[in-house]
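Presented as structure tokens, the chain that follows is alone, the form predicted alone.
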Amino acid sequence: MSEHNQQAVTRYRNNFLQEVEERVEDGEWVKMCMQCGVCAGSCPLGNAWQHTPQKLFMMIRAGKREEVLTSDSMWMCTSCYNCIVRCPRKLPITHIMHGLANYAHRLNLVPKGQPTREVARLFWNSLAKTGRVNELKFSLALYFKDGFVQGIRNALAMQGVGFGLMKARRLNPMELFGGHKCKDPGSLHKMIAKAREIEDRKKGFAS
């Protein structure tokens, strides 16, 4: 093998692919993709992807770091698991997609206004605060995420659904003033903090 080709192979093995293997959930499986395209053909949103999974994997192996981490493709995954079931090599594609999304989020490289990321962020913030998702506050946060005026419009558009939920006792207005929570939120916060510390250390985010 010529020196030029050897350098190319070294870059291929060591750059972004290595980063993904070390820092993304199940990232070590990316190099096993044989580019058959079954994942894209099995995905219910396959025709809406900016980059299908096998394209993302090839881009990772080609070292296209910025293009991958700023793509909105990982955020399209609905966790249907069709790709894993049908993959000839049984790659954990769903896990890798979520892992890439989480990694891009932690590096603050997600495209601005990405809706799935915003929903995930609001859901987690509600859950991590009390151990239970406050459905009313979560819904209102979604309505008003694009500003007060748009929030009013969204709330008015959904008022029929809201009244129906209250009538069926599935939505309690008193949730605004507290709502359900786990017995010991303080211990929950300590667990989350410890889990983040362990993950940061494992994935190389520690300062």
Partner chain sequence: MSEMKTAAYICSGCGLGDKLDVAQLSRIAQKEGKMALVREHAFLCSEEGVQMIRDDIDREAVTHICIAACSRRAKTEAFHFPTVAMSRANLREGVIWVVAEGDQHDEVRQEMADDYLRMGCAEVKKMKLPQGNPAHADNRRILVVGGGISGLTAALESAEAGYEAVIVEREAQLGGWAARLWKRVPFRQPYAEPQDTGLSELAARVSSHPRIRVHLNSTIAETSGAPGRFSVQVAGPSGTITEQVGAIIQATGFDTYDLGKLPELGGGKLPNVTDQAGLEALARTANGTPIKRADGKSVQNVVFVQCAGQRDASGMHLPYCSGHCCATSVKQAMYFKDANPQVDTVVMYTDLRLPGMGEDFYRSAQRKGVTFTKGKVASVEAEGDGCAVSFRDLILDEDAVIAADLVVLATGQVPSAGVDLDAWNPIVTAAEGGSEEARQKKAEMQKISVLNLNYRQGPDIPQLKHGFSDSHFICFPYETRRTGIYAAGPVRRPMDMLQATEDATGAALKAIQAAENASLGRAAHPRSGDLSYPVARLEGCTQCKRCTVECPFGAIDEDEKRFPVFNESRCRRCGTCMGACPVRVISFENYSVDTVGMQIKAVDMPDEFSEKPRILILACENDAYPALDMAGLQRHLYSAFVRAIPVRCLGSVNTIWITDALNSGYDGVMMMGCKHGDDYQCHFVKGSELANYRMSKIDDTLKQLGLEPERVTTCEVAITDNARVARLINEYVEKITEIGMSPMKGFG
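Only a predicted model underlies this, so the values are computations on that prediction, with no experimental measurement involved. Residue numbers count along the first chain shown, from 1.
Just so it is clear, the following notes concern the form predicted together with the partner chain, a form of the same protein that is not shown.
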query: is_contact(His180, the partner chain) in the model of the complex, heavy atom dist at most 4.5 Å; finding: no
query: Leu69, heavy atom within 4.5 angstroms of the partner chain in the model of the complex; finding: no
query: Exercise: Val38 in contact with the partner chain in the model of the complex, heavy atom 4.5 Å; finding: no
query: Contact label in the model of the complex: Asn154 to the partner chain, heavy atom within 4.5 Å; finding: no
query: Output flag, Ala128, Met191 and Lys194 jointly within 4.5 Å of the partner chain in the model of the complex, heavy atom basis; finding: no
query: Arg132, Arg121, Arg106, Arg89 - the one with a heavy atom within 4.5 Å of the partner chain in the model of the complex; finding: Arg89
query: Heavy atom within 4.5 Å of the partner chain in the model of the complex - residue from Leu45, Met58, Met158, Leu176; finding: Met58
query: Residues of 29 to 44 having any heavy atom within 4.5 Å of the partner chain in the model of the complex, listed in sequence order; finding: Lys31, Met32, Cys33, Met34, Gln35
